[in-house]
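A single chain, nothing else alongside it, follows as structure tokens in the form predicted alone.
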């Protein structure tokens, strides 16, 4: 072999080895969320938050002396893509646990795939039914939609004294589910649901729908949907002089909601969210500084949740007797962790028994904590 060929062969070998995601002593964990599309701000922020925690662990020597490799894949908030991602993780024998998926409609069809391959799964998706389907491979550190729908219903009936509401949803598992939870709690508080309206997830013109809602003369409009629909609907509501109290779920907790709706239209809108403000504790302020240093930008809406999810997964890996899927899964439900967002411990269904929920209002062009 000529010297030139030797050099080229060595270079090719070096390039190939640098492309490998892990070595024998690495602990490989997967993560999936929408990292592109309309919900990318939420999904990418979860991935970023998890990456920061794993970076910190690696700085301290990893887990049991093993480096952690976090493999993130984009599910695009698409159930079909989510199942492909789930199968890809299952087919990769190096992956021993997965954080994801973010959306309930993506998580639900993927649960069976992860269960079949015995993959421990930490999910931030919030539909209550996910944890009632009998899968033993999954836990949820975040509050579910029973809490998210109950908090604003109680606030508007008891504190604001509003008693007539209309529901709007985007016909997805998440949208219909969260609207239904709000309905049950609003009625339990003495309120009346004047009507329920559905819109397709791709709709951007709600003029006819809003005209029908105006006939009901509601005090409250609760919308179970994602972005940009939440912002567009509210903007068109105000343009048609429908001044009812607008309430949306966590997926609208983003500056884009305010900018796309317009500051004037967004003023006074209520939004539920599972996470406290980033300036509400020394730990969260430190996290924000680390995030800024790592990525050159402030943390996104779900970054601290991603960090907490990673803490839960790492705790299961740390306790595992064997660093494989079976070893991690055996410890998953029994972990107790003091996370960035507070203590986490799971009940028999994998629900966090201490998960919190917060209510925010748009005031002067930004979200302000109500309770």
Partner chain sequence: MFDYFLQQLIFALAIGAIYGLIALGYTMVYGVMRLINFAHGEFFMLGPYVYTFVFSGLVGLGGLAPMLDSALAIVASFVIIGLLGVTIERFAYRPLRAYGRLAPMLSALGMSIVLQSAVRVTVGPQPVHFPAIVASEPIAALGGMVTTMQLGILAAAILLMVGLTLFVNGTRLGIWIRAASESWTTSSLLGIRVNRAVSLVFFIGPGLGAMAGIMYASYYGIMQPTMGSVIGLKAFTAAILGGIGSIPGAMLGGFLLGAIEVFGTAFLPILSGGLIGTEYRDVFAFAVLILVLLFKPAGLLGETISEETTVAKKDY
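For clarity, every value in this text was computed on a predicted model and none was experimentally measured. Positions refer to the first chain, counted from 1.
The same protein has a further form, the form predicted together with its partner chain, not shown here; the description that follows concerns it.
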If we define contact as a non-hydrogen atom of the residue within 4.5 angstroms of the partner, is residue 37 a contact of its partner chain in the predicted bound form? yes
Its partner chain contact in the predicted bound form: residue 228, any heavy atom under 4.5 Å: yes
Taking heavy atoms only, is residue 136 within 4.5 angstroms of its partner chain in the predicted bound form? no
Looking in the predicted bound form, any heavy atom of residue 198 within 4.5 Å of its partner chain? yes
In the predicted bound form, does every one of 41, 202 and 212 come within 4.5 Å of its partner chain, counting any heavy atom? yes
So its partner chain isn't shown here. In the predicted bound form, which residue out of 245, 260, 185, 265 has a non-hydrogen atom within 4.5 Å of it? 260
Between the options 298, 232, 160, 147, which residue brings a heavy atom to within 4.5 Å of its partner chain in the predicted bound form? 232
Quick check for you: of 118-126, 282-290, 232-240, 269-277, which stretch puts a non-hydrogen atom within 4.5 Å of its partner chain in the predicted bound form? 232-240
Heavy atom contacts to its partner chain in the predicted bound form at 4.5 Å, residues of 149-184 in sequence order: 171
Closer or farther: C-alpha pair residue 39/residue 260 in the predicted bound form, relative to this form, given a change of 3 Å or more: farther
Given that the distance between the C-alpha atoms of residue 38 and residue 357 changes by 3 Å or more in the predicted bound form, do they end up closer or farther than here? farther
